[in-house]
Structure formats: C-alpha cells, structure tokens
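Coming up is one lone chain in structure tokens, specifically the form predicted on its own.
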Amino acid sequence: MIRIEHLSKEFNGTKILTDIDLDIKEGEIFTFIGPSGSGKTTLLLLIDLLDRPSSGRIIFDGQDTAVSEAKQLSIRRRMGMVFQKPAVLNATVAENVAFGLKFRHIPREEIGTRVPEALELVGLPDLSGRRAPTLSGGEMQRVAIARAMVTEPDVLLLDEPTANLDPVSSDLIEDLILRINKKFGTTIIMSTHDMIQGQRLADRIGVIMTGRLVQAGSSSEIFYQPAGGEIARFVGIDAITGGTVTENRDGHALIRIGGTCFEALTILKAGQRAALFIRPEEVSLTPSESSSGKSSVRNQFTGRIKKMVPSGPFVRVTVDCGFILTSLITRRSCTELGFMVGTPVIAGVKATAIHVLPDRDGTAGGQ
C-alpha cells in the first residue's frame, strides 16, 4: 500500500528524520510509538503529503508521490488526516463533516446522504445541528474522524488521537478505530504516546527514536523481543546488565551476573557479555515462608521488597535480590499476600521470559 524508501527530513539544518525504510500493508493498523520529539508527527505529515522530504521517496499504491501538485492532490484525496487537537469550523457539526465533500464538489444530494452516515458511524447522529465549538474534546475528535471518513479514504492517518482525552472518550475513539478498520478495510496509520494503546490496536508497531525507525514488528516482537537496550527501556522492560554467558547448550544458556546465575534462552556464546531484559509482569513473587515446595520456574531469587508504587489496578513492586527485579502484580494479590516494604520474598522468572541482548555497556555487577 505505502512504501517508504530512505526517507529523511531536515529543517534549518536539524535532522528530524533519518533514512526511514518501511512498508505499510493495505488494511492494517500500523502504529508509531516513540518519545516526544522523535519525529512521529513529521513522518505522518510526510506520508499525507502535507510536507516534502529532504531526501528519499514515498510510493503510494505503486505510484511515486514526487509528482506534480495536481497529481499529489489526487493521491491526498485518497487519504484522511486527523490531528491531535482537531480544528473545527464555527459552524454546525453537519457543516463541519461536509466540508471535505464540498471541497470535492460532491453533489448536495449525496452530501445529504453521506454526512448522516458518517455521524452515525462515530456515534453522534443527534448532534448534527449543534455548533461544533460547543462540543466536548472527545466529541470534537469524533467529528474530526467523521469529517475524514465521509470522504471514504483508503488511508486514515491519526496523530495521537486520544492524547488530550479522558479515559471514557479514549475508549470510544479506540473502539471507533477498530470498527473503521474492520468495516471498511481502511488502512490506518497512527502515532501514539500510549504504548498500551499501541498494543491494543496495532497489527504492527514501528518505534521511532531520534528520528530513526529503530524497530518495526508485531506487538509481541516490540514489547517482548526489543532489538536493543534503548528500545527495551522505552517499552518498559527492566534491564540487568554486566552478565557473562558461562555455558550455552543448544540455545539454553547459563548467564552469571555477580554471584548469581540465570538460565535463559539465547544465541550468545560462552564468554560473551550479556544484558537481561525482563518485563515486570513476567516476574512472580511469593512470600519466602510459603516457598517450601518445588517450582517449575528455573530462576528463583530471594530478596526483600524495596519499593511499592501503585499503577492503576496494579502495584509495581521493586525487589532487591542483590540486583533489582520489578514485578507487576494486582493490588488484591499484594493485600492477600501481605506485601509491604521490607517483606522477604522469592522472585521467580521463567527462562523463556528473559530476553537476552549483547551487553554493549559492559556494566559490571548488575543494574
């Protein structure tokens, strides 16, 4: 559907994007994640042909987009863009939604049919006569999506569509994105600061850091098999560094960090430096006194709870085992198990849950 080749963008001598290569497939939801200022919005603007790259090219449905303005306009009309802060006209909701159709000189009778359909799609059929500036933020965002979808685009671009919305409005927008994709087969390209949202919605995810596409893949690949330490830290995986592979038998390795030995799966060979990345939800905790029985978990470490931080319905529990492990468990489990700062626990991690990367920092002694 969209092929991006060696795309770069500079502004006033500053590199915004560098050498982006990517294929976006027809009918998929592709989400860009990355730190603020990493270049996500700029990339969306380039894809939508609202800006020109400094080098490289974008191929849309087999056609190079570096063409005349008239031909670019015909390509742009196959796309719809919704910004983080939607701009609405000081007019009725129906007039706002109809704006793109009037710009395309669509007959009035057809506009009269398509606008109500678009408002029905976004769940606002009863607000067509309201003045758009009087709407809530979530309603304005849905009007913006209706205005984009009423033109029946092949591609819908969304720049952090829920960034300024309350949780209820965000859920409505997320549900709408999924329905649009399933009902119309619309290719959806979006950026988000909400990594959990990226996991929920995306077929594939691209990670943008300092203007570079550092990894693209499925949600599982990005969040459980990051390609590097910086990506791992960004997606919330805790790192234990300073390890050395002491043995590797057919991919099943022993990795020593200080006085502790971990079992993990890796292609690293004996003698190589290793860093271990472990998602908090993969770390189980049990009170020390209840661990008399045997467990199938290969890696078990004694320690004490160092810190407990509420995170919605969960608690992030930091455990000092001579190295630091973080576990994400429910509030109820914390209460039932009697966990508090200072509680002795046993932390368990399956060998298959440890993502091993070469330790390029070579930091000795763990985290």
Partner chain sequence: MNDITEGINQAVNLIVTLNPDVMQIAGLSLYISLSATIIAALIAIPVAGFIHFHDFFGKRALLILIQTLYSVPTVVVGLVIYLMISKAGPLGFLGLLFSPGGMILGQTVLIIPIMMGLVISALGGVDRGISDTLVALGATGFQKIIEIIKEARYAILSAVVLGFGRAIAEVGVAMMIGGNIRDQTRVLTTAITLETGMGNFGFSIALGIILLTVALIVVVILNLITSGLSHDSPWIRGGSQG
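Note that this is a predicted model, so its numbers are computed, not measured. Residue numbers count along the first chain shown, from 1.
There is also a form predicted together with its partner chain; it is not shown, and the following applies to it.
Does residue 73 reach its partner chain in the predicted complex, with heavy atoms at most 4.5 Å apart?
-> Residue 73: yes, in contact with its partner chain in the predicted complex.
Spell out, yes or no, whether the shortest heavy atom distance between residue 224 and its partner chain in the predicted complex is within 4.5 Å.
-> Result no; residue 224 lies far from its partner chain in the predicted complex.
Flag residue 280 as yes or no: does it have a non-hydrogen atom within 4.5 angstroms of any non-hydrogen atom of its partner chain in the predicted complex?
-> Residue 280 lies outside the contact set for its partner chain.
Partner proximity in the predicted complex: residue 256 to its partner chain, non-hydrogen atom cutoff 4.5 Å | Although its partner chain is absent here, residue 256 would stay clear of it in the predicted complex, with no heavy atoms inside 4.5 Å.
Can you say which of 258-266, 196-204, 100-108, 113-121 gets within 4.5 Å of its partner chain in the predicted complex, counting heavy atoms only?
-> Answer to the contact question: 100-108.
Full three-residue contact with its partner chain in the predicted complex, heavy atom 4.5 Å, for 48, 87 and 131 = Yes, the whole trio is in contact, each within 4.5 Å by some heavy atom.
Name the single residue among 208, 165, 177, 81 that comes within 4.5 Å of its partner chain in the predicted complex, judging by heavy atoms.
-> Exactly one residue meets the criterion: 81.
If you check 252, 77, 212, 233 against its partner chain in the predicted complex, which one has a heavy atom within 4.5 Å?
-> Flagged contact: 77.
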